[in-house]
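Coming up is one lone chain in structure tokens, specifically the form predicted alone.
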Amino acid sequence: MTSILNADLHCHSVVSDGTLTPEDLAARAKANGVELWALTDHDEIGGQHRAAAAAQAQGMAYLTGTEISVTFADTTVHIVGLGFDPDDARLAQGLATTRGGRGERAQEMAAQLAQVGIQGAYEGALQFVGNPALISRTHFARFLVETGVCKDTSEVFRKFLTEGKPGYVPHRWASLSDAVRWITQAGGMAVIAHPARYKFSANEEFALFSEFKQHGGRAVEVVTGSHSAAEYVTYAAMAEEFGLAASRGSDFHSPDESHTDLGTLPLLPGALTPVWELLADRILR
């Protein structure tokens, strides 16, 4: 397999904060021409066996996946894991620990929203949750749109749930070293997700890439739904500078909310080493 492969290695199902089942995602990926797929639910691997079976039923190659929330430089950073053993006990335990604080955080978010006149937000958000242990800002955003407080989720995040706005409650996630270790011990590869989203200074970004590599991280998302064409070029150069493989993924959550559909991104730049070349023995067919 080369870089001219329609691989989509970043998306979310109802097991975390997506709106489609693993089976429906697999069907959508196949319909859009995806040849290699991974489901990467937030801090959760409970959908992996379903996703792998659905991919097989669709005739698609599959890599196991997850997206781990990490606190780095007082910022939430996401590390994607690909190609790991989905039954690895240490990975499962690490993810369970990371998920543990979400319920308490959600109650605090609802309390802040109540102070500005929005009642019942916790119960409202729960209506949109497939897995209550993974209640997140996305579920609150859907409630605020459904009840007419905001017209869309973009408006929600402009007015609420982000730093300095009502409903924002920070969460301390896993450490970078923990996340990379859980993935690699389970036989997988750690990938920095959508690096342009973090708005780090040049020094902070250099520190992230340096520490990530030092801990055993091996790849970065170059082509992803939230990157611009210029950012593809920037992070292709970063991949080369740090000797990292390159990944590609839409970060698809929902047909109604996601700007980038499964399988519709540009291909990886040809000079880079695709993650799937290094994970060839982990691909399920």
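Bear in mind that the values here come from a model prediction, so they are computed numbers and not experimental data. The first residue of the shown sequence is 1; numbering continues from there.
Beyond what is shown, the protein has a form predicted in complex with a small molecule; the following relates to that form.
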Taking 4.5 Å between heavy atoms as the contact cutoff, choose which of 136, 112, 131, 184 touches the small molecule in the predicted bound form. 136
Of the options 122, 157, 72, 200, which one has a non-hydrogen atom that comes within 4.5 Å of the small molecule in the predicted bound form? 157
TL;DR on 122-130, 204-212, 102-110, 81-89: the one with heavy atoms within 4.5 Å of the small molecule in the predicted bound form is 102-110
Please determine whether residue 253 contacts the small molecule in the predicted bound form, using a 4.5 Å cut-off between heavy atoms. yes
Is residue 42 close enough to touch the small molecule in the predicted bound form, meaning at least one heavy atom pair within 4.5 Å? yes
